[in-house]
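Below, in structure tokens: the form predicted alone, a single chain.
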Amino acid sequence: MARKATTTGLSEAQLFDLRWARGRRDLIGPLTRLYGASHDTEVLLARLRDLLDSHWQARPADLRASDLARDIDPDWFLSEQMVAYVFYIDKFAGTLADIPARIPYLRDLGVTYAHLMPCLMPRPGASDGGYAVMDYRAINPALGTMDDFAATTAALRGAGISTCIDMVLNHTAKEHDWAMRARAGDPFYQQFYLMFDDDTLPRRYEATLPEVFPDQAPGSFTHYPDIGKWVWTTFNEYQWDLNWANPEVFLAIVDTILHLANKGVDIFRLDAVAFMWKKMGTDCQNLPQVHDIIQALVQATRVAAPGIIHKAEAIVGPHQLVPYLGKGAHAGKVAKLAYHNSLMVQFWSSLAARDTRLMTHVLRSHFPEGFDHACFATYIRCHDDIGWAITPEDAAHVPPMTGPGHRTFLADFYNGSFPGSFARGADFQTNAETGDRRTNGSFASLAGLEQALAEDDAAATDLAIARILMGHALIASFGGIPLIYMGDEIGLLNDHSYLADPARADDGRWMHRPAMDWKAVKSLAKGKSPAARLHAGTRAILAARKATPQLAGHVPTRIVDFGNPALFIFERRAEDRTLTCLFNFTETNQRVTPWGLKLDPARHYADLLTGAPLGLTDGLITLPPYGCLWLRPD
């Protein structure tokens, strides 16, 4: 194929060669560590180069232009302008073709990043919410076609909105073509999965493996009598774990990612990354090889589609989370985004306890103030359940708290059984051995709005709205890209209608995945309903974020231990000025001394959330119930 000249004056071949030379430096290490003992690394690199070149040649011109802009500014995603919105296509719009009509709503809210929840073709019937993918190169027919997908990503891109989709890395559906070939006896594809002739090794592995879904899918292996094999199935019987120790799997996934990138995907959410590598005698989570795989995927993608970034879905403990954004040899070379699961857990913990000491300790002790060319995706709720990741070691810093005791308290508080709880959630996946329970529930229902409305309690409604807006202000300012889950900006409540759907009835997480209430959206202009108040408040918070350079992802976040357990405080220390953010996690007024916050008495401060000058009462700053302030000197 003839190569055209680019706008840089270089030929396309020269531009690709430059990117390959750059990428090869960060590919050779992880590929050698992963596959060098059994395969020739140079041969593997040559095959990879040819694969990347083919996708680069097929890349559409408008995406190449985006690549060039983002290659010049590789930290584009760290901008304070970034705001993410997460939704199921059918529940938000109907089909892919219906999304463009909803773009004005997204733009008005301030969205620049749209995460389209699982949209690739799932297996029929139960599919773990779409995460059991049958065909990575086809769209769920209920949502549209691949042509519809490409047209939708183009429409979003034209509106300044980047598209994110899920790329499931740990497993495929058992109906995937690779799995069907393996089941038919093809030895090449049997090596794509972890298959065993008897249960000797599975039993040895299971001795140290935790169960992910103990209620609905106990165990980590499934026996298939028709093929005489035991197959590794971490999540569900119908999800077969891929064998990442086989470089053919790596090449096939790179091929898939770049095929989708050429359809207009900007961000790949790498699902279940913690589970990808297996080693006997471990829990097979967060092993060092996982970070080598991610680095190799990221650097390979960067050669053929440098405008693409990756988000690691690693819902793990604090000490395990940091490496997903780069640590040591992987710094700046792995995922650009990772979910800040700990911030989410600590928000709910502090809200229930009316005590931020654990939150301050965990976020101050376990996390750096920033990362090299990466940041967190901050969120309060998502499509998944909440796992109460409170360790005994962290709980010991807040005596007489204990890890098991606090986890039990939080599960009871958020299922509504704890005396005085404002929440209406539900338990999910009880662990019979430890007694631990995870929690389901929408943001609004867990924050008290459902109960307040049911009781027609105006004061309780006000408090619930304040809790929700405080959560949005927290994720908009803490550092990274805030993720607004669809409907949280209008206070959607739990939806129990999923129980009537046989394909979903056994998964309680559908309770907090309601359909968008467009009727409520139409009435927002009236301005008095909880939905209108939440929407206006969220929109104002996001607008304030975009007007505040100190909230860019590259600016460090420093936690301040102020000594008042009602308050959570941090500073965003930019080169020009420091932004001080305060949050009151109680339903009572809290007063703060300006000197205690080390505010400069010679300067005037404003609250950027309201635009008003900082007011003092008797020389003190007052935070109302669940109030928050973003203070910056003029």
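Everything numeric here is computed off the predicted structure, so don't read it as measured data. Numbering starts at 1 and runs along the sequence shown.
We do not show the form predicted together with a small molecule, though everything after this point is about it.
Undergrad: Look at the candidate spot formed by E313, D384 and R509 and say whether the small molecule comes within 4.5 Å of a heavy atom in all three of them in the model of the complex.
TA: Judged in the model of the complex, E313, D384 and R509 all sit within 4.5 Å of the small molecule.
Undergrad: Partner absent here, but in the model of the complex, which of 241 to 249, 550 to 558, 157 to 165, 126 to 134 has residues with a heavy atom within 4.5 Å of the small molecule?
TA: Result of the contact check: 126 to 134.
Undergrad: At the 4.5 Å heavy atom threshold, is F213 in contact with the small molecule in the model of the complex?
TA: Residue-level check for F213: yes, a contact with the small molecule.
Undergrad: Flag I139 as yes or no: does it have a non-hydrogen atom within 4.5 angstroms of any non-hydrogen atom of the small molecule in the model of the complex?
TA: No, no contact at 4.5 Å.
Undergrad: State yes or no: in the model of the complex, is some non-hydrogen atom of A423 no more than 4.5 angstroms from a non-hydrogen atom of the small molecule?
TA: Taking the distances in the model of the complex, the answer for A423 is no, it never comes within 4.5 Å of the small molecule.
Undergrad: May I ask you to state whether V83 is within 4.5 Å of the small molecule in the model of the complex, using heavy atom distances?
TA: Heavy-atom contact with the small molecule at 4.5 Å: absent for V83.
Undergrad: Since exactly one of F235, F77, Y113, Y193 fits, which has a heavy atom within 4.5 Å of the small molecule in the model of the complex?
TA: None of the other options qualify; the answer is F235.
Undergrad: So which of H472, R407, K333, R269 gets a non-hydrogen atom within 4.5 Å of the small molecule in the model of the complex?
TA: Looking at H472, R407, K333, R269 one by one, just R269 meets the 4.5 Å heavy-atom criterion.
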